[in-house]
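First, one chain by itself: the form predicted on its own, in structure tokens.
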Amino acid sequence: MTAPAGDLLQHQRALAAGLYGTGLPALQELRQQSIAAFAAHGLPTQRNEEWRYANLSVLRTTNFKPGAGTMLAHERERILLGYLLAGIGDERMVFVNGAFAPQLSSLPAPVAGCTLTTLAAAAATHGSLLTAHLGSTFSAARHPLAALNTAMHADGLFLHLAAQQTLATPLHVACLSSADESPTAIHPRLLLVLEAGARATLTLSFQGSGPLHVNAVTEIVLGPGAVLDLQVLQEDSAAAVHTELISTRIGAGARCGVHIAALGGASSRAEIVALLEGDDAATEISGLIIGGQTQTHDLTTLVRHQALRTNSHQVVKAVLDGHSTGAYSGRVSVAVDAQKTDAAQSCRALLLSADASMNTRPQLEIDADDVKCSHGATNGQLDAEALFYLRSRGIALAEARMLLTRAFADEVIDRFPLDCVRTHLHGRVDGRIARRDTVGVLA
């Protein structure tokens, strides 16, 4: 095990007594099992086939201290708060360095059948529900960084919707991370449990400044007929390493949409795992990667079809400039009893520089014989004829490039359910294309 991994274990042991849930033996055991799993497996390396495109080298050479408190480290960040939080809905829960910041949050009025609170509060009021689902959707051995999150997260979001309940308005969950001169590790955690027929729409955003490791986990459990749309905006700083697991269990007739945009960070790796465990369950995954300078973005998906007539559609697009690198690994597994499965994968990359690169690896594992499964992947550059056409109409080269790039990205942006998020993304993407030498929102 590397020295930084050992440092992480020391941090966890020092923090353990102060973490929430000390009165829940099942949660304490889960934390202990998780740190043991991380100790056994350590940080993933590129020798692991599932992590071959992820650049986590800085995690093996840097001692990241745990983040603490709800204060932003720099005055510039406090000035930019309105800009960072505005425009993505009026109702929001804000976490700063992993801790709930009530002074920045605006929660909806309580309604029967809806529990929206922090994990720390849920441990006191909904302990059995929390321990039944936290850590239940993934294997700690297969996801060592998610296991590290389980052991070290200080708080997070807890949403439980009773049967047939609807979250009345979309919720924005903002994870702000702030480091001073010392590298800092933050472990955001979300647990979303929707019972039969419940419905919700959430936007999860990550923004921060300084040398950070943002290591996030979102667990989603959907009962029969439940519907959830999750929109994820990753806009961490140019000095950040972002790792993220979104793990879902989808019941019969339920639908889960995960729409993710990766713009920030020196290196990011997001993994989406969807288990379609009930008949007629469905998932839609949309991914947008915007890379510049020497950024590395890795999007990995695993969709397991385990029941009749399940459906999954994945559309990923990447826009890469400078010396940036993108990767998409999409694995679809169809069990022998998952007849009538319909699964499709599509990945297209637009390379704006000769030094940019994209790695695409679709995988199909099919054990059923009555299925419809497909995948496709292309890499290319801006269409020279389209550029010539626009320039012949008096449009400058820079503007013509932006128009064509924006049109390319729009196919994925338009899949994000909320108008406000689409508007937000259009502004961010246009800004990144126009300022080709910048990465992230904050420095």
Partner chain sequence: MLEINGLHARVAQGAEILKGISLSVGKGEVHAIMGPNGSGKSTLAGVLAGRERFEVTAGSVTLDGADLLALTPEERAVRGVFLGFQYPVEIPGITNAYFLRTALNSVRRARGQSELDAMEFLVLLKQKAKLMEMDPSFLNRSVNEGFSGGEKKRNEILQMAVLEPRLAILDETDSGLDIDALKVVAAGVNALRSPERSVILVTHYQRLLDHIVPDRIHVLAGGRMVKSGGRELALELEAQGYGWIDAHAGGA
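Residue numbers count along the first chain shown, from 1. All values reported here derive from a predicted model rather than from experimental measurement.
What comes next is about the form predicted in complex with its partner chain, which does not appear here.
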Contact residue in the predicted bound form, from A36, A26, V58, A386 (heavy atom within 4.5 Å of its partner chain): A386
Partner-contacting position among L382, A40, L390, A377 - heavy atom within 4.5 Å of its partner chain in the predicted bound form: L390
Can any non-hydrogen atom of E50 be found within 4.5 angstroms of its partner chain in the predicted bound form? no
Hey, in the predicted bound form, is I413 touching its partner chain, heavy atoms inside 4.5 Å? no
Does L404 reach its partner chain in the predicted bound form, with heavy atoms at most 4.5 Å apart? yes
From the candidate stretches 58 to 66, 392 to 400, 40 to 48, 27 to 35, select the single one in contact with its partner chain in the predicted bound form, where contact means a heavy atom within 4.5 Å. 392 to 400
